[in-house]
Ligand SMILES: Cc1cc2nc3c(=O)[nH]c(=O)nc-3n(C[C@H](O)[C@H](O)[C@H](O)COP(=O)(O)OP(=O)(O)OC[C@H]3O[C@@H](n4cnc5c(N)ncnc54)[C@H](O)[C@@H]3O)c2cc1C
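Just one chain follows, in the form predicted alone, and it is written as structure tokens.
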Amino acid sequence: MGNSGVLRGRSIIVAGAGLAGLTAAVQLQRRGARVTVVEARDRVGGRVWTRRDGFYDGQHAEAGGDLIDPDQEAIRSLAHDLGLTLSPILRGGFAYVRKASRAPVIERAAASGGLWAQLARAAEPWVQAHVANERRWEGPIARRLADRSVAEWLDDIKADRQLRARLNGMRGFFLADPEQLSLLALIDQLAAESFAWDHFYRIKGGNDRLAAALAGALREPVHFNSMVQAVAQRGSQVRVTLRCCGGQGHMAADAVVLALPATIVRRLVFTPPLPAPQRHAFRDLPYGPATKTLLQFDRRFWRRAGKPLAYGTDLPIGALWDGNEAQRGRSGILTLLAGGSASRDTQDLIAKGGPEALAAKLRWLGAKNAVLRASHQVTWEDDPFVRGGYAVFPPGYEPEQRAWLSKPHGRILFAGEHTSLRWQGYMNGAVESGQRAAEEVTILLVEARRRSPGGTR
């Protein structure tokens, strides 16, 4: 739907000023609609959050959405269209570090592809079955996979200690331990077309520049500190109830895009109510624990000839990588992402010894004589606007429910990384979901106009 004026005279409310909501808002505005974006936070970006305050040498790093894969075309194209530059980073991908009796042991896998290839071989019968099912989250194959945890599958195949440790080290990717992750989620990932994990990108100057550029393209400024509480439909109008700084407020429009996490959607009051399967889809979907720590040192001790700049680990600190590789200055920022149970482990370390306790866990990387200059930490499960890092599909989650996460409810449309099929959990998934929601709104309102008295074809 490329007609720039096809939605002229229509009004749309977008709830959520993350990448999903802002992408949808800008596209709808380009088609002539009056778009109002409301956001519960006091900033745009949602889980895209570039931290600059407190770091020396003008450096920054990402406390939220961080890495862009080379085959994530939607976000790369959007950044290009907005005049933003992508910096190539982490060439060589991730190595793996496992616990050992004396000191952690570094295993130089062929990027992370070595682990994925090993997993794909071990899970080949299920991968083939899932591919034969066209990767659909429905039917007996999907249900069988969804009912089992990754930990149970490891027991079934009598996995060795190394494979178990490596999967435990994937907590920074799935944000779940093997016991809390559906086998279907793992098999679906293994059945993907590629694992281009030998290099990545970030947006030069900070990933939040993408959200800022989208927000800057809006004719109407984002309404901050405005939390959606209820959404009611009557006839051709949708009415949104908001909790704002001055109390309760109301807005009405021709359609609403809810670009909110599932953890927030399930708390909203819908009139008429969502269908039971859709209510259950939102109700049953947890978000994984995730603590992200940014440690700025006086020097980049992890940068050594022939050594990787990123590591997956089964250590309490989670995965780690160079957080500002493309920036100038002698100082450097190391990013640590602790997902699943590692999130609590990291929080315990911080509670007992501060960020220095995390730095002490990096001696195997060469941190012994480095000076910790600054730090920042965010625990996403404590964030009231999301309550976790991103969506996790646990054992027992009904696979058929996944489709309901993105299914329109009258003139209410849904967007967000949790609604993406291929890129769930990624910034790219958020962008693609916003594009999809914009298309759905356009078709819905154009068809409604054609059906109305006096409408034109």
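Remember, it's a predicted structure, so these values are computed and weren't measured experimentally. In case it trips you up, residue 1 is the first one in the sequence shown, and so on.
There is also a form predicted in complex with the ligand; it is not shown, and the following applies to it.
- In short, of 24-32, 37-45, 50-58, 397-405 it is 37-45 that has heavy atoms within 4.5 Å of the ligand in the predicted complex.
- In the predicted complex, at least one heavy atom of K292 sits within 4.5 Å of a heavy atom of the ligand.
- Remark: F385 counts among the residues lining the ligand in the predicted complex, judged by a heavy atom distance of 4.5 Å or less.
- Within this chain, L67 lines the site of the ligand in the predicted complex, having a heavy atom no more than 4.5 Å away.
- Contact annotation: Q278 falls outside 4.5 Å of the ligand in the predicted complex, judged by heavy atom distances.
- For the candidate set M251, A212, A370, M227, a heavy atom within 4.5 Å of the ligand in the predicted complex is found for exactly one residue, namely M227.
- Among the residues L334, A259, V150, V256, the one placing a heavy atom within 4.5 Å of the ligand in the predicted complex is A259.
- Residues of 373-410 that come within 4.5 Å of the ligand in the predicted complex, judged by any heavy atom, are W380, F385, G389, Y390 in sequence order.
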